[in-house]
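Next up: just one chain, as structure tokens, the form predicted alone.
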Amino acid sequence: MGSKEKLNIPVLNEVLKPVASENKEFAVRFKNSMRSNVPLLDLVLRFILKQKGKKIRPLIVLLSSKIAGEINDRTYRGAVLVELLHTATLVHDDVVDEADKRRGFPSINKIWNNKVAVLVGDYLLSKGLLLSVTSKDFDFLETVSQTVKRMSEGELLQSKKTRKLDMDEETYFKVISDKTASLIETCCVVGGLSVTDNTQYIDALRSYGNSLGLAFQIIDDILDFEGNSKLFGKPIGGDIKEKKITLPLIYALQNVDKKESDSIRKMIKKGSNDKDVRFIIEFIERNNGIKMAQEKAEQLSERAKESIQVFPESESKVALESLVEFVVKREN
């Protein structure tokens, strides 16, 4: 991806334009939701707020509602709900992955401990669920509960396949559909549900979110082999060291005979050092794994754009189409 533009903040700002003022309102509401009277909890929540992520998920909620209607109180509650859920999963993921860093900051489990991190994640999830119950947003609650279920199932399926090193293309797509795409899909559905009961619109947004989420994860997996570690915030080839078989490697293994494929799997299984990681990355590039995965991400991005053609032309529609481009061309 060396020829592509770096993480293009101007492009993201363009995507943001149709909902720029609403995004500021969301930021205020999200900050207010991250308050507690328990001193330790309040300290950890303020620490989380300092980590300036791209906040793409609430942006998707706002754009999905604006393409289908007018942003309202329910839209903001939906955006806060998905960002609380997303933040909770990141905090829990760092515990599961024994990660020391998150977005360049020390992780919560590193600064405090696993117990604090797990409880903070639980707190964030319960805050989101209570927000929906109190406001009687039961449709949001159902959608998000299904998502949490799918995310857990995806994580456990990946864990099982990592132990056996027998991930194939079909299983990979099942894992990333549940682990990653389900939350982006939920952002689109929640945004739509907040403004309309038109099932054609909701289904179109669901399809857009699923394709966008799949493309997002494939690019993430490609970046693990060829990203810039300073930008990306984790060492290149981290997935290989963690014995995760992702799409570029799956495609490369499909393109060689069984003997070579078995030898690469053995290398990963015994635990790869830096030299082995470099060898495996070269193997993936030599056997078109990255090229084929990139083509798959581009096909999915086209499918995402096609999904929203049912909507009339608007700034929000253009923004959602641009968001697809941003995701496929990002470098971190």
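Predicted model, so just to flag it, every value in this text is computed and none were measured. Residues carry their position along the shown sequence, with the first being 1.
The discussion below concerns the form predicted together with another copy of the chain, not included here.
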According to a 4.5 angstroms non-hydrogen atom cut-off, is Lys160 in contact with another copy of the chain in the model of the complex?
yes
Examine Glu260 and determine whether its closest non-hydrogen atom to another copy of the chain in the model of the complex is within 4.5 angstroms.
no
Taking heavy atoms and a 4.5 Å cut-off, does Leu165 contact another copy of the chain in the model of the complex?
no
Within 4.5 Å, heavy atoms only: does Leu40 come near another copy of the chain in the model of the complex?
yes
Quick check for you: of 215-223, 185-193, 137-145, 70-78, which stretch puts a non-hydrogen atom within 4.5 Å of another copy of the chain in the model of the complex?
137-145
With another copy of the chain left out of view, choose which of Lys243, His86, Arg206, Lys127 has a non-hydrogen atom within 4.5 angstroms of it in the model of the complex.
Lys127
Partner-contacting position among Asn198, Gln254, Ser177, Asn114 - heavy atom within 4.5 Å of another copy of the chain in the model of the complex:
Asn114
